[in-house]
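Take a look at the structure tokens below, where one protein chain is shown in two forms, each on its own, as structure 1 and structure 2.
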Structure 1
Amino acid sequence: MISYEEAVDHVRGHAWISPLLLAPITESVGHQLVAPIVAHFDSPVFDNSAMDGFAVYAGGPPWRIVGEIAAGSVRAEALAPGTAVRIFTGAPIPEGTDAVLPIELAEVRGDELSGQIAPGRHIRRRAEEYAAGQVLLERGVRINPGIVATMAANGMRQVAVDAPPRVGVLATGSELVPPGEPLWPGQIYDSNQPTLISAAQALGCTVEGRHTNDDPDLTRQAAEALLDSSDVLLTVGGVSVGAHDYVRPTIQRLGFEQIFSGVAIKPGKPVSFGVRDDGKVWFGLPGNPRSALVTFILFVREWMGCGPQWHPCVLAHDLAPAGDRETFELACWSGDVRVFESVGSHAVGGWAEANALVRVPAGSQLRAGDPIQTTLDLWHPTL
């Protein structure tokens, strides 16, 4: 059995190398940028009005209204002293404009305008947000809708991103039933497959899921089918040493070299990792739901290049004495960290509130106010 850090080093040594993908920006969320995004032009491109109102020349009030400029108009002639033009939000500011007087502060009688406004108010100046050539986003950033807005404003229709891996999820266990189906005595609903599929899809992956009963031939057939269309195979359950645990011998028959099997962590001790000559990899995740989720976060995400980033936080309460393995607990962070109590690694209680994962060192006795290592990107990892 190896340590968590040793296991992470092994995973990083075989990490996913993504091919380049040119994607429409509307389909890029969840992908990572493979090159920096540089501003193509100044933002704003030209001086423009931040309000509906009147562009006024210094020297008033009163001003004489001499025209109108709508958004999308070509820049109007320069203002003469004592004049103003009606202007709308986003319209180009004519030369000579001292300020924009908002419509709600304006008094208009015929073509005469009155009102009070400080010089420079309500004008968006060229390049005040950023200048052409400025780096807007660094390589490796994971795209979200806000980043799509930045790219669109930069005139981009497509972006070069990584191609996330294709993921196959194989849930094993004769006792498992898909959610929504009737339960018979001795059966339980399969929460692992939906959880892991959604966790991988949140990273932009395409995912295929299957289930197999505890049978060596069925396990091999299902694994082979998933490997035909996947870059990484996640098996869930069947990696211990029980009489009905068929996953590891099946994986070996499918040509995988087992890099490790067993890590000194809790939950997730049986987690396994293997590689094959064709570049495909396998993660054997434990079958208990909390173990499966934690090992996905710790190792599968690490292989994808978005492993957890650990930060110092403060405990909100005492913890029970830790055992002889490093423990990873689901928690809620809101300035300090509250660790969820659990009756065991089979339980999913509290997950709906969880937004963090904490590292509890082996053999530690942590009290309220003690520092603890926490990842704050439980569901939405970034780089």
Structure 2
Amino acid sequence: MISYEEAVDHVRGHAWISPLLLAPITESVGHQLVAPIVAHFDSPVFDNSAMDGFAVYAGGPPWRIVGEIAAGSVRAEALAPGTAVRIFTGAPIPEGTDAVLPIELAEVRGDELSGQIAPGRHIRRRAEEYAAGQVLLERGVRINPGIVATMAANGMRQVAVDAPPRVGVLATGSELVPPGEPLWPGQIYDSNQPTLISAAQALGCTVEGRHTNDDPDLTRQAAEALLDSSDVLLTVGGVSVGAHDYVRPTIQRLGFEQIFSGVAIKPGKPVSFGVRDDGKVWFGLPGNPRSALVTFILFVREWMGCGPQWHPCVLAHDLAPAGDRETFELACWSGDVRVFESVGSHAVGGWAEANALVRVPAGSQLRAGDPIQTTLDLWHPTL
């Protein structure tokens, strides 16, 4: 059976190639830039006042107040020796200004101004942050609200970004009932469909969800319908070798080549991956809820180009001897890492307290103070 690293390599080899999307900057958060952004203007665009106060000529005090410049207006004439103008934050400073004397330090008597200020104070110089032509943002940067400020200040209304894939989620299992419906003996609520829909939506994807009973024809019909309108099909459940597991034969009949089936990890061993000539891909996620979400984080995110980033963190306590598969546990990081007690892949809880996943190597016996590979980006790569 292949390892986690080998499976990740396969998934990367078939990674989602995004079409280009021109998005309004206000709808661009969470997307990645497909091209670098170059400064169209200097920042600041012009020398301007950092304070409300007075633009003063060198050599005072005293100065004679000869006018006023509000933000948004310009004074054409230069300051003459011995004069000052009242100025407001963000207003362009007139030529000849030596410093801005803040209102708090100013003494005004009629049109006469006095106060002490060092040369050059409280002036924001043109291009002191960056100059036109400079690369502001590299290709691949994921846009956050702060980056929207950079783009808007650069005069941009739209930006070229990647387009997240359209995702189809197919929950399989005759025991499953949608949340909110009555539950009869032997039935359980379908928790995976809402979970995977949410996980994909959190990455900006559009998602369609369906459920099918364990029946070969119904499974095929539902998978075909989802594939018509999706770039990636996530089936969940029915991917093992049980008598009622119809997913893999169905996927093969729909023309997919199976790249791997089964990875030496816990939870999530049955996770499977396939590709089709038309570029669509399929992930067969295991039905146990912990397995389904962990394998989404490990593999589906990797395919989207935002796989989890692993960092060595310090383990807070000893761990029990590890099993024969690499194990992914929920954990809480706050300086060092506390690993939650293993519950089993059927667990639906634990996510409220967790802010990390850790990798426990097969056959290891980790002690307090040992490094442990930890990902702190459970839900979103950067935000």
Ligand code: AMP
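Structure 1 provides the reference sequence; residues are numbered from 1 along it. If you superpose the two forms and keep the largest set of C-alpha atoms that fall within 1.5 Å, you have the rigid core. Keep in mind that this is a model prediction, so the values were computed, not measured.
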| note | For the form predicted together with the ligand, pick structure 2
| message | Given a core-based superposition, decide whether the C-alpha of Thr97 shifts by 2 Å or more between structures 1 and 2. | response | yes
| message | Superposing on the rigid core, is the Cα displacement of Val281 between structures 1 and 2 2 Å or more? | response | no
| field | Large Cα shift (2 Å or above) at Val108 between structures 1 and 2, core-fitted | value | yes
| request: Give the C-alpha shift of Ile117 between structures 1 and 2, in Å, after superposing the two forms on their rigid core. | output: 3.9
